[in-house]
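Encoded as structure tokens, the following chain is the form predicted alone, with no partner shown.
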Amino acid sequence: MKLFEYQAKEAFSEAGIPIPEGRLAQDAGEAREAARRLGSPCVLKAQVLRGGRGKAGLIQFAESAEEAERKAAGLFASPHGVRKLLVERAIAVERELYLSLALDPVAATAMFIACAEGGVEIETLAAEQPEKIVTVPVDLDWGLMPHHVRELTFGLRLSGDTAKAVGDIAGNLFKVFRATGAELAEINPLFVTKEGGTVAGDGKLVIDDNMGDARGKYPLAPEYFDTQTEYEAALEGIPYLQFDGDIALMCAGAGLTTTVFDLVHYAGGTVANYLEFGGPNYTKAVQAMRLCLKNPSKVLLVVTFGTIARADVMANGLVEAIKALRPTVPIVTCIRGTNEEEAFATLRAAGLDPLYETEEAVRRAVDIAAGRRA
């Protein structure tokens, strides 16, 4: 789960990482009041789960409460789905750094990634000027040691009070990383102020729902998702992504779903959604079909290959879903795997034409979506 900036900064502040003084606003009037209380100049930061907010005009500076209200109204009216603004006191910045912690899945360690140039797109910098990137691996069993911090600050060519302050922030960032079960904890930029202090200018925290008690502190809410359907899918525990094509997918297994996605495009079709009907969700046919039918698609393509997730169970679930939901779009099926003979019989009894080959099922779905087949 990606957290909003204000949530990441709350976690940072609780761990002792300095953050700018700020207030959350949910309308232009609240933004005006926040700016009045914080004083000018201030910064208005749209709380949306996307990168490049500055380039998209989602971060605005205001010199007065009146200007803050006017610019906040524009942000709330933008097409980016802004529901909240973080209004912060502007910081007098001397320089900017980059500091993050991420999981290294290959080495099974945490990895500090830092750079003396903050506020940049770190992926671009790593590709074009890798010598500027400082990396320090940290064994998750042993934890953060003093030598890790020294290696980090030395690599950034910091000294004196600034080195100590950044080292303290690195230690506290590691605490946040472990306490929240994070996959990524990032400060970009990390401000070094003209007064010599250090402040987290921005904050990003991506947490693993399967670790710790993060879900209890950050419950799922519609604001984390692009569409209401994606939110409903998350509540069901069904992996789902919304697109704008003609063919709704209901497939078992992430690998098979991705393969079917590619096959649809190779055949000239377009996909309405990604939905993984496999794993622990193979008995959720009704819920999965309900999500698919929320799309304005022209055909529903069901492709599964079940071993532990048995084909006959999925076929029975599919028929149950059809009876319960009465879909008006054609359904194309290719349900294979354990007990597939029983699955075929169940589908035929329900008036469906079970297919044996995934490629044939994809071609049929694409033809139906294109109007070449009834």
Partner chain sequence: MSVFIDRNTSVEVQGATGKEGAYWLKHMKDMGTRVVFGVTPGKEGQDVDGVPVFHSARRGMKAHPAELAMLFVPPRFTKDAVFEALDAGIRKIVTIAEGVPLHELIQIRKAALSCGAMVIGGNTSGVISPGKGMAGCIPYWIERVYRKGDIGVMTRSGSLTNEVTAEVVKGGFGISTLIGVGGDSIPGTRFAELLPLYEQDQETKALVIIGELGGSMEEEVAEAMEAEIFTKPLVAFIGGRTAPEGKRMGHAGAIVSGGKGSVAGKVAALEKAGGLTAAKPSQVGGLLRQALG
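Computed from a prediction, not measured in an experiment: that's the story for all the values here. Residue numbers count along the first chain shown, from 1.
The protein also exists as the form predicted together with the partner chain; that form is not presented, and the subsequent description refers to it.
For the three residues 75, 77 and 272, a heavy atom within 4.5 Å of the partner chain turns up in the predicted complex in no case. Partner proximity in the predicted complex, defined as non-hydrogen atoms within 4.5 angstroms of the partner chain, places exactly one of 156-164, 77-85, 293-301, 96-104 at the interface: 96-104.
Contact check for residue 32: every heavy atom lies farther than 4.5 Å from the partner chain in the predicted complex. Within this chain, residue 337 lines the site of the partner chain in the predicted complex, having a heavy atom no more than 4.5 Å away. The partner chain in the predicted complex comes within 4.5 Å of no heavy atom belonging to residue 192. Interface residue remark: residue 243 is counted as part of the site for the partner chain in the predicted complex, having a heavy atom within 4.5 Å. When the partner chain is considered in the predicted complex, only one residue from 221, 108, 145, 235 comes within 4.5 Å through any heavy atom, namely 108. Interface residue among 181, 171, 119, 197, judged by heavy atoms within 4.5 Å of the partner chain in the predicted complex: 181. If you take 340-368 and check each residue for a heavy atom within 4.5 Å of the partner chain in the predicted complex, you get 340, 356, 357, 358, 359, in sequence order.
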